[in-house]
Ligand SMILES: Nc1ncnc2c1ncn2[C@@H]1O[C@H](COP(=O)(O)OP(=O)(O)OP(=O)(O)O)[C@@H](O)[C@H]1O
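Shown next as structure tokens: one chain only, the form predicted on its own.
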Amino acid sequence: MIELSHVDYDYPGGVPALRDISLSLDKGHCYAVQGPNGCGKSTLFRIILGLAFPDAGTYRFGGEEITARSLRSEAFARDFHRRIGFVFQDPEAQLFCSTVEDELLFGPAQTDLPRDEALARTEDYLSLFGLREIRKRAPFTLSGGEKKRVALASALILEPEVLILDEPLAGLDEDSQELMADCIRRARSQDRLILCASHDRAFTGRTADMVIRMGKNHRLIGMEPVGGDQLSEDGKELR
């Protein structure tokens, strides 16, 4: 579903962000991306989302190369962005409607989905994520955990093939973390790929089946099953 081949990326001034990243990611898996701050996790997500483009190497999504040129096609870009859902580390960056139910309805309303089906999906996701009691509240009045659940429900309501989560537990108390982890587990499907950046290894163990490790040198250390041998920053197994 997602294939990166020898991807490099620099910030302005030649500041390195990614070096020689090659990954193949498939549906049916939940991948946790781990590594120290500044290793390139957020840059990797920006490239996968089509918000930045490799300086070298290629990125393919569903077999199609994603470039600035390919995304200039309105039809291609609309289809690409419909197939990827994203939840920011700070959910306030993506919540802007007047009520919770309007947030969930906004995405389907922008598509060619029939109105009746859009309303039915909204009801389903309000129930699935425990949001019925706060459906009429303004998102800015919600707790951090409630905001993250609204953002996640708003991403999933379009039934994306890929879901990307940037530090979904950041700023949450223990109870909210468990609720969020449960929502992510329920989002798993054989028809969906989930990619999640998290420093929390307990959360990773509860939700992911594969771990992608990145190092301070902006390179990929390796990828292994959750619970398998862990790798140090030089790629050697930790005993």
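As the structure is a prediction and not an experimental result, all values here were calculated from the model. A residue's number is simply how far along the shown sequence it sits, counting from 1.
What comes next is about the form predicted in complex with the ligand, which does not appear here.
- This chain appears without its partner; in the predicted complex, the one residue of R60, R185, H199, K27 with a heavy atom within 4.5 Å of the ligand is H199.
- Only one of 29-37, 173-181, 51-59, 204-212 lies within 4.5 Å of the ligand in the predicted complex by heavy atoms, and it is 29-37.
- The shortest heavy atom separation between G227 and the ligand in the predicted complex exceeds 4.5 Å.
- Interface membership of A17, defined by any non-hydrogen atom within 4.5 Å of the ligand in the predicted complex, is confirmed.
- At the 4.5 Å threshold, heavy atoms of T141 stay clear of the ligand in the predicted complex, well away from it.
- Contact check for T111: every heavy atom lies farther than 4.5 Å from the ligand in the predicted complex.
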